[in-house]
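Coming up is one lone chain in structure tokens, specifically the form predicted on its own.
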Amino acid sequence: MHFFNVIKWIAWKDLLSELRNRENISSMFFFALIVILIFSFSFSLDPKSTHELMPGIIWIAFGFTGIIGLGKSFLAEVHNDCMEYFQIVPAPKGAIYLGKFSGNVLFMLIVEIILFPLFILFFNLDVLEKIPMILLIFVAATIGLSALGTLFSALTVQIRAREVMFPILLLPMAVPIFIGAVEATRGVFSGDPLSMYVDWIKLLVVFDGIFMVVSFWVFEFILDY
């Protein structure tokens, strides 16, 4: 099967399965909603404090909702005894990884786009004019998280303590992504010139490239192992 067809069909299958199942999206949504409610009722923020604290709160919510979704990337294949088919199917293993990765990126972005208006509503954020730059940061950070999350999900899906091992492996590696995302988002919220936070966006892009290339090449070994 053609390399790009494999990517397209796996991504489409995963996205359709998640949207039909709704188990993941509902658990991710309610977790993020709880985070928003707790922080919104815990702090009485003035506009300056909101711009300082909100990026951290947003990426706590996005990061942990991402862990819920990414950790289950390969669970359907395990439950349906399909992991062996991934190993023997006459298709490049890298294409399988990119298909799962693409499905995860699209699914996480859908969840983030649904959740972000709730942050605007509950914290009275005045960021409508900054939406394009915020979306750019969301996409850059989500690519990095999904690249790592897809790889570690494949690595841990068949071990007994996968719910514990997945975040233990993912979170330390994802620290540069979270730092870059929080600092870039803070720059946008504060109305700083692009030159003051563009280096954080470049950091996200660099780590996205590193994580994607390494994960692409390591995935075949993990799948065969």
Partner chain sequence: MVISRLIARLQRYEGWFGVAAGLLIMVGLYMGLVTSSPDYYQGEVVRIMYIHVPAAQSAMFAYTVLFGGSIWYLWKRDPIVDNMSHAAAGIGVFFTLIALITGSIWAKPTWNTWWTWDPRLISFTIMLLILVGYLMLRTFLEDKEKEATYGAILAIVGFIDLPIIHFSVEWWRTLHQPLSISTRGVSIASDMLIPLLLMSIGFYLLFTYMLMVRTQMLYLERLLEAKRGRMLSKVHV
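Positions refer to the first chain, counted from 1. This is a predicted model, so every value here is computed, not measured.
Another form exists, predicted in complex with its partner chain; not displayed. Remarks below refer to it.
Participant: Of the options A11, M212, L203, I25, which one has a non-hydrogen atom that comes within 4.5 Å of its partner chain in the predicted bound form?
Facilitator: Partner contact (heavy atom, 4.5 Å) among the options: L203.
Participant: Can you pick the one in L98, M108, L151, I143 that has a heavy atom within 4.5 Å of its partner chain in the predicted bound form?
Facilitator: Contact residue from the list: L151.
Participant: Okay, which stretch from 66-74, 152-160, 34-42, 53-61 lines its partner chain in the predicted bound form, with non-hydrogen atoms inside 4.5 Å?
Facilitator: Only one stretch passes the 4.5 Å heavy-atom test: 152-160.
Participant: Could you confirm whether P176 comes within 4.5 Å of its partner chain in the predicted bound form, counting heavy atoms only?
Facilitator: P176: contacts its partner chain in the predicted bound form.
Participant: Is there any non-hydrogen atom of P193 lying within 4.5 Å of its partner chain in the predicted bound form?
Facilitator: P193: no contact with its partner chain in the predicted bound form.
Participant: Look up in the predicted bound form whether F3 has a non-hydrogen atom within 4.5 angstroms of its partner chain, and give yes or no.
Facilitator: Outside the cut-off, so no.
Participant: Contact with its partner chain in the predicted bound form for D199, defined as at least one heavy atom pair within 4.5 Å: yes or no?
Facilitator: Flag for D199 set to yes.
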